[in-house]
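Take a look at this one chain, the form predicted alone, written out in structure tokens.
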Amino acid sequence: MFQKTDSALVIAGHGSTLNPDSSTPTWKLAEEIRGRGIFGEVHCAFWKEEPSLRQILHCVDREDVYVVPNFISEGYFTKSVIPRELGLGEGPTRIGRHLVKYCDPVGNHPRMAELLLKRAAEIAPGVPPEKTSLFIVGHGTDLNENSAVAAKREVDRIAALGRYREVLNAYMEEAPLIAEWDRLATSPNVVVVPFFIADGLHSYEDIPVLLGIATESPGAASADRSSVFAKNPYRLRGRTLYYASSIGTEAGFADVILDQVAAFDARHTA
């Protein structure tokens, strides 16, 4: 493992003014990486929460700064919003006294398929993959086009391994719809993994209703929302269904962030 005690790491997330759980995975990743003593500083910054992307460099003492977007796909936020808020150009960018090195988002990493498989195996222990349909669920709609592309990419990677009877992509708001999971799947066992960074409105409330494991949203203020993951398996529509929390809560994302830092150095080292 490399050491960069003369450098700072900033993990950039979306954040939310409505969902307090939105930033939780990013804060946990920062805590995990900080505890490893690799960087001299580890910070979080957000588009919709404090500390803000626009102000974060004022909080950083080290001159050398790596920024890793904690986003599931490359798109509007990683290509436009974060660079704009930080004032980035192409490649390493000098901003005041800081040299900022902007890395690829976590969702682009080749290990995503591995982490999705790990989450699927953990949520359905002992269930034979050859008798299981695995769903990777994205948001869908034109507003989230790149997240749908990213979900399909991971489905193709996992399907190529031949472990599961079938690996399917499905979406909340465009076909193929996760609400039709029982029609799409042909296996007696079904595992559903949301392809999102954080648990929140979609994973706690929307998807459970679409799956039929909940009849109505528990509400954003409900303290019982996370119990939806603890009630596996669900016997529903003649199948056995297992529902996982969002992939971005996986602890392995810490290593993905470090890999993205190393990949930036490899690209920009003569």
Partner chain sequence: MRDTTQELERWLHAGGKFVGQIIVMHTEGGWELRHADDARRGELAAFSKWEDARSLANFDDTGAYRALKTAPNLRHGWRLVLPDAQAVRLALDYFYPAMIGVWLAHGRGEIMPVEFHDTLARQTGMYRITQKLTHEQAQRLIAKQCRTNGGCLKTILWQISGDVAVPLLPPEKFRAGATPVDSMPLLCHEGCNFLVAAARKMVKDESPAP
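Because the structure is predicted, anything quoted here is derived from the model rather than measured. Numbering follows the first chain given and starts at 1.
In what follows, reference is made to the form predicted together with its partner chain, a form of this protein that is not presented.
J.: Which of 131, 94, 183, 84 has a heavy atom within 4.5 Å of its partner chain in the predicted complex?
T.: Filtering the options by heavy-atom distance leaves 84.
J.: Does the trio 16, 27 and 47 actually contact its partner chain in the predicted complex, every residue with a heavy atom within 4.5 Å?
T.: The answer is yes; 16, 27 and 47 each reach its partner chain.
J.: Taking the partner as it appears in the predicted complex, which of 107-115, 76-84, 151-159, 184-192 has residues with heavy atoms within 4.5 Å of its partner chain?
T.: Flagged stretch: 76-84.
J.: Taking any heavy atom pair closer than or equal to 4.5 Å as contact, tell me whether residue 23 reaches its partner chain in the predicted complex.
T.: Output for residue 23 is yes: heavy atoms within 4.5 Å of its partner chain.
J.: Using a 4.5 Å heavy atom cut-off, state whether residue 51 contacts its partner chain in the predicted complex.
T.: Yes, residue 51 lies within 4.5 Å of its partner chain in the predicted complex.
J.: Whether residue 239 contacts its partner chain in the predicted complex should be assessed with a 4.5 Å heavy atom distance threshold; does it?
T.: Residue 239: no, not in contact with its partner chain in the predicted complex.
J.: Whether residue 55 contacts its partner chain in the predicted complex should be assessed with a 4.5 Å heavy atom distance threshold; does it?
T.: Looking in the predicted complex, residue contacts with its partner chain include residue 55, since a heavy atom lies within 4.5 Å.
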